[in-house]
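In structure tokens, the next block holds one chain alone, the form predicted on its own.
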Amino acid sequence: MGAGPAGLIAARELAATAPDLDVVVLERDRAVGAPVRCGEGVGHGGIAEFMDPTDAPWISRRITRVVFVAPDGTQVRVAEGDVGYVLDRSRLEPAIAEEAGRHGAEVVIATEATGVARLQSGWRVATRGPSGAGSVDARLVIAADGVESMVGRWAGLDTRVPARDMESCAQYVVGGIAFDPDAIYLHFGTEIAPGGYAWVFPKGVGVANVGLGIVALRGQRGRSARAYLDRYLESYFPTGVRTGYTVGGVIVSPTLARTVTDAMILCGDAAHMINPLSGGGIVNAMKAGRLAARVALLALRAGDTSASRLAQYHADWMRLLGDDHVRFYRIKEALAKFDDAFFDTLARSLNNIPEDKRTLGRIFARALVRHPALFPVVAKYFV
């Protein structure tokens, strides 16, 4: 359930490898790929595992560098070569849905799940759509219903998110602004976005997704993510023209302790499979969808969709990315203890390194020199 990256990749993989199965995707929104509730940035290697980005219509912009912006406005440019892309998700997800459909999957839009009931052979999913109430019987459910996931909760899985691990996000599409169109910008600071960061992700020359995420518990009482974003735009892009707006939430905690139960697999954002350090989740969701399809198919072929059989999915995910996310969460928590002055000083120090030699490894090495307490949680990745 859910026609986002996780659900659609799972459907495509299942339909392509097992054409004898009936694969149905339920999507509550009226269009696949809309509304867009993220910055749409992905790395090259990640997206290329699933879709060919060469001249793809769902690529808005190729990105070749990252610009980190310290709280005081100091910019640190990091040239990493083929960094990645800013997507057009209103085209990406329909493209995946079309591929899934060609392999025989059925995508049903404007139809939401309203509850689940256990059957001896799987689940009965209650639905509500244009024709009213209905139901779908499934031998196995892949619940990919996003941050607000209810399917797993209905099935008895604990999908709650601690308030300190939920970021509130707001984003505008802004035109008529000046920035490097080949770079993404990440702006940090307690006055900018407490507990998170602001971003500028180019959609074209002079047009970008400009947004931010905040941890409400760290912000000013009563101030919303949109209020922080409005102030950010007034300060940095006062003449920009706002042509679109969206809000949403991002879970920045490690993967759920339990992602499966009998005849059900939780996938993507529904299973908290977001990188807790960056908040990125698109490629993670696609990887999870592919993994869910593989484990689901083996379970269905064996006639055993019990939780113990499906537990292989959780174990495989933790080896693939989940264990890393636990460590990234620790890094996030460690970085949150540092004040803005630390990041301002670090940025000025990094600018003493020649631009062509600035890498993420060197950035964290400089941070370690200034705060050795970071060493236990970051050394494995950046030293």
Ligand SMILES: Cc1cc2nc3c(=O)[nH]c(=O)nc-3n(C[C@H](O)[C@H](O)[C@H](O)COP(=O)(O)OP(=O)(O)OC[C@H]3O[C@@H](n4cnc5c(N)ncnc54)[C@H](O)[C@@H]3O)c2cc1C
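Residues carry their position along the shown sequence, with the first being 1. Note that the coordinates shown come from a computational prediction; the quantities given were computed from them, not determined experimentally.
Note that the form predicted in complex with the named molecule isn't included here; everything after this is about it.
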Quiz item: Does A225 make contact with the named molecule in the predicted complex, using a 4.5 Å heavy atom cut-off?
Solution: no
Quiz prompt | Close approach of G281 to the named molecule in the predicted complex, 4.5 Å, heavy atom | solution = yes
Quiz item: Hey, in the predicted complex, does Y232 get a heavy atom within 4.5 angstroms of the named molecule?
Solution: no
Practice problem: Would you please decide whether E99 lies within 4.5 angstroms of the named molecule in the predicted complex, comparing each non-hydrogen atom pair? | Solution: no
Practice problem: Scan G244, G134, G189, G249 and let me know which has any heavy atom within 4.5 Å of the named molecule in the predicted complex. | Solution: G249
Quiz prompt | Selected contact from D182, D262, E112, E106, since only one has a non-hydrogen atom within 4.5 angstroms of the named molecule in the predicted complex | solution = E112
Quiz prompt | Answer range among 68 to 76, 293 to 301, 139 to 147, 232 to 240 for contact with the named molecule, defined in the predicted complex as heavy atoms within 4.5 Å | solution = 139 to 147
Quiz item: Quick one: in the predicted complex, does every one of G2, R37 and W199 get a heavy atom within 4.5 Å of the named molecule?
Solution: yes
Quiz item: What residues of 155 to 177, in sequence order, lie within 4.5 Å of the named molecule in the predicted complex by heavy atom?
Solution: C169
